[in-house]
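Here you get one chain, nothing else, as structure tokens; it is the form predicted alone.
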Amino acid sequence: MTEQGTLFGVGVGPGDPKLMTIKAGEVIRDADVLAYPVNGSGESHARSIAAPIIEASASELPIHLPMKVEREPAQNAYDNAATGIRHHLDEGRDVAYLCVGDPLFYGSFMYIAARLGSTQPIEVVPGITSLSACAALTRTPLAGRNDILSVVPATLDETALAAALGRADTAAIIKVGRHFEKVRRLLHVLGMAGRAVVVENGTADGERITPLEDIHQDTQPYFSTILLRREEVK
């Protein structure tokens, strides 16, 4: 009987290839198959980060994930991806699934693992999250002592957003994109706009760090984070 391969969820960090861990590099080089999510244009942010260490002869398995609000297309995509990955694992091949940031921090890997975890060996290689990268770039302390840190998806409605922001000492608002104007309006209502900074493509090409009140357009790139701290550290 062929020994089962192992599925590795590999965090490749927030954008700068130099922020990948040594272990991530080792797993990527040693894996029999490299899997990674791709968007509707066939592009993969995760693969582009790891590209400097991917061998030309590497066996690759692009996972096409629809960027839609509806859950059914994504669920079908995860089902199909799990089936394709299981085939390689059953043949004894190790699969490294590349994730931007960390595999278990808003990463698609968690949905693949949920479908395979009861039957396949799985290991997770943690990575630097976009949250850690944005904090480092803006020198924003995330939490200390009894602070509450909230990671808030901008996709929430205004009531849920206000509740999450109201109890946070530090907040990171993610998935900003087309929800930027809603978030900006709410931050002004809450009196937080003056303390907010927007990080676009942190550590990657196109990186931009801008105070919220200096931005005049109504949208932001999807990979943008709004970071704010209620009070200075003393």
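Given the structure is predicted, the values throughout are model-derived calculations rather than measurements. Residue positions are given as counts along the sequence shown, with the first one as 1.
What comes next is about the form predicted in complex with another copy of the chain, which does not appear here.
- By the criterion of a heavy atom within 4.5 Å, residue 216 is excluded from the residues contacting another copy of the chain in the predicted bound form.
- Contact between residue 128 and another copy of the chain in the predicted bound form is found at the 4.5 Å heavy atom cutoff.
- At least one heavy atom of residue 155 is located within 4.5 Å of another copy of the chain in the predicted bound form.
- At a distance threshold of 4.5 angstroms between non-hydrogen atoms, residue 115 is in contact with another copy of the chain in the predicted bound form.
- Per the 4.5 Å heavy atom criterion, another copy of the chain in the predicted bound form is contacted by stretch 22 to 30, the sole one of 191 to 199, 22 to 30, 204 to 212, 35 to 43.
- Contacts to another copy of the chain in the predicted bound form (heavy atom within 4.5 Å) from stretch 130 to 144: 132, 133, 135, 136, 139, 140, 141, 142, 143, 144.
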